[in-house]
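The data below hold one chain only, encoded as structure tokens and taken in the form predicted on its own.
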């Protein structure tokens, strides 16, 4: 069996980013830039006021205070979106709104809170100004032609804002990978089939949970299909998926060694199986390979095993395909609030809830850790990592947690 690190390294070595495309600005949210973005103008594009107040010659305000304010003649007003043709001369001031172009002749802004209009044409300044204060100079943030965002940048709302600022209506990004999801098993009933369960049947949760995880990564759900435990049906379904453009196939179930487990043998028939067992719990029987150019992940059928192996292996793969450079979740040290039993041999990922108190993270497991108990994932915001050689973790000791 491969270790978790060996398996993930082997998988990621086969992965390259998807093709590039250009998308409308708002559709770029969550995507990754495939090209460097440069500004087509200075930022700010003109010198402007950082406050509402009065543009003045700083020297005119020396010695001003509340008891003895300086009196200046108001010669005009500048509002945002307009330019003034007037020049501020000594002993004069011009009212300027936040973001409005800063007038010539002046060298400082006085906030409106530090002034008082004596009459329609005279302002009292009660605080001395320093040259340059409250002024945003043209190009002080970025000069025209400067790089704004680097290739490989993940696009969040702040990046959307800066892209709009530099006039980027269409954004060059890596395409989102298209993922086909399969559940397997004669016992499964989809929600579309209705609420009634016959003896021996269970509802199909894996397809829906895995589809939501795919969407969380920013990837596209190419299709969601249930296939019965039948070799020919499995083969036909995989062939159709590859032919219709799926870049990744993710299955749940059918990868163990039972007489009705057809996923692994069909993968070996149609493509290449790279490995199918990992020294971890839950999730030992995980098959990875490819059918042509389509990557293939055969996840275990137990719901918790499917979700945990997706987190550890499929999610980083989809992120790399989408152009991300940070592929894995954040890991932090936590203090255990209860003991965590473990049998040495395989690394275990224990579902837990992490809370913060006084700057320290504390973790408590989410009940019974059976791999069929999907309820153990509900409320879990972390996976505690129990080392292979450990005979269990004691209450109060430190452990590593992968934050979900």
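What you see is a predicted model; the values in this text were computed from it and never measured. Positions refer to the first chain, counted from 1.
Keep in mind that the form predicted in complex with ligand AMP is missing from the display, and what follows is about it.
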Practice problem: Answer with yes or no whether residue 274 is in contact with ligand AMP in the model of the complex, where contact means some heavy atom within 4.5 Å. | Solution: no
Quiz item: Would residue 187 count as touching ligand AMP in the model of the complex under a 4.5 Å heavy atom rule?
Solution: yes
Practice problem: Flag residue 203 as yes or no: does it have a non-hydrogen atom within 4.5 angstroms of any non-hydrogen atom of ligand AMP in the model of the complex? | Solution: yes
Quiz item: So, in the model of the complex, is residue 302 in contact with ligand AMP at a 4.5 angstroms heavy atom limit?
Solution: yes
Quiz item: Just one of 282, 254, 103, 177 has a heavy atom within 4.5 angstroms of ligand AMP in the model of the complex, so which one?
Solution: 254
Quiz item: Pick from 317, 234, 115, 183: which residue has any heavy atom within 4.5 angstroms of ligand AMP in the model of the complex?
Solution: 183
Quiz item: ligand AMP isn't shown here, but in the model of the complex, which of 265 to 273, 205 to 213, 69 to 77, 153 to 161 has heavy atoms within 4.5 Å of it?
Solution: 205 to 213
Quiz item: For the stretch 111 to 148, which residues lie within 4.5 Å of ligand AMP in the model of the complex by non-hydrogen atom distance?
Solution: none
